[in-house]
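Only one chain is given next, in C-alpha cells, and it is the form predicted alone.
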C-alpha cells in the first residue's frame, strides 16, 4: 500500500539527501528504493518507487514535492483556457523515459526472485482534485467549488485525464508491470452521489480499457474512504477491490459478493502495538476474509514511525496464512453442525 519511505531507515538516507522528484525520476535511485522493502521483508511483490502525480508533467502540469507539505502545483488547473493548454500523453516513452528504465530493470529483478512487479496510477478524480487544488487540502475546497459552479469544466478535465491515464498505465504494463493498482486517494472527499458522478465512471473507463487491451494483467482499485461506497463498487470491472479498515472484512465480503476479490484491511496503527496484538489482528483479518480471493494488506498505508520489526511480523503472519486457514478448516470440520 505504500513504499518504504515513511518507516525504513535505509530509505530515509536517500530522502534526506535528494528531493523527491530526483529520487523518483533517477532510475538507479528509484530501483534501489523499490527493492529495499522486498529485500527486508521478502514480500510477494515489488512496488516500483514513484508517485501518482508522476505523469502530470508529461501533460503540462508541473508539480514539486515540498518536505512537510506534500505535493504543490504552482499553477492549478481551474479554467477552460488552462485545460486547452494541456498536452495529451500520446508518447509517454519520450516524456517519461525513466519509467521504462525503472520498470524493465525491476521486472528482471522480480522474475529472478519469483515475485510480482506492481505498477500503479492515481484515478482521474484524485489527479483532477490535486491539480485543481494545487496542494493537499482537507476540505478539497477549490475543486468542490468548481464541482458546484462549473461541473462541465470538471467533467472535461476528468475526460482528459482518463484518456491519458489509460495510456500511462499501458506504458507501465509494456515496460514490465504485471499488476496495476488504481489509487483513488481523495475518494473520501466525495459523497456516494458525487463518487457515482465524478469518480467511479472514470475509474471504470480506465479499468475497462486496460482489461480490454491487457486481459492478462490484474487491476486493483483502492478508494480511500471507499468502504462507505461498497455497494457502488460491487459491479466494478476490476479484479480486486481494496478495503480501508473502516469496515469489517467479513461484512465487506458479503456486501461485495463472492465473485469479488478483496485487498486489505488491517488498521495500519496496529503495527504500533505489541507483537501478540499484531499477530492476533492479522490472523483475524485473514480468517474473516477466507482462504481464497484475498490479498492481505493494511487498509491504507504504513505510517511514518512504524517499527520495521512490526512490518516484519505482519509479513511473517502473511506467509503462515495457508497453515492458518488449514487449521481453521480442520477445527471447523470437527464442530457439530449448527441448525
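Numbering follows the first chain given and starts at 1. This structure is a prediction, so every number in the text was calculated from the model and none was measured.
The next section is about a form of this same protein that is not shown, the form predicted together with a further copy of the same chain.
Trainee: Which of 213-221, 136-144, 74-82, 169-177 has heavy atoms within 4.5 Å of a further copy of the same chain in the predicted complex?
Mentor: Going by heavy atoms within 4.5 Å, the stretch is 136-144.
Trainee: Any chance all of 98, 237 and 261 sit within 4.5 Å of a further copy of the same chain in the predicted complex, going by non-hydrogen atoms?
Mentor: Spot residues vs a further copy of the same chain: no contact at all.
Trainee: Can you check whether residue 303 is within 4.5 Å of a further copy of the same chain in the predicted complex, heavy atom basis?
Mentor: Residue-level check for residue 303: yes, a contact with a further copy of the same chain.
Trainee: Please determine whether residue 247 contacts a further copy of the same chain in the predicted complex, using a 4.5 Å cut-off between heavy atoms.
Mentor: Residue-level check for residue 247: yes, a contact with a further copy of the same chain.
Trainee: State yes or no: in the predicted complex, is some non-hydrogen atom of residue 109 no more than 4.5 angstroms from a non-hydrogen atom of a further copy of the same chain?
Mentor: So residue 109 does not count as contacting a further copy of the same chain.
Trainee: Find out whether any non-hydrogen atom of residue 241 is located within 4.5 angstroms of a further copy of the same chain in the predicted complex, and reply yes or no.
Mentor: The answer is no: residue 241 has no heavy atom within 4.5 Å of a further copy of the same chain.
Trainee: State the residue from 117, 233, 190, 89 whose non-hydrogen atoms include one within 4.5 Å of a further copy of the same chain in the predicted complex.
Mentor: The residue in contact is 190.
Trainee: Taking a further copy of the same chain as it sits in the predicted complex, which residues of 266-283 have a non-hydrogen atom within 4.5 Å of it? Please list them.
Mentor: Heavy-atom contacts to a further copy of the same chain in the predicted complex: 267, 269, 270, 272, 273, 274, 277.
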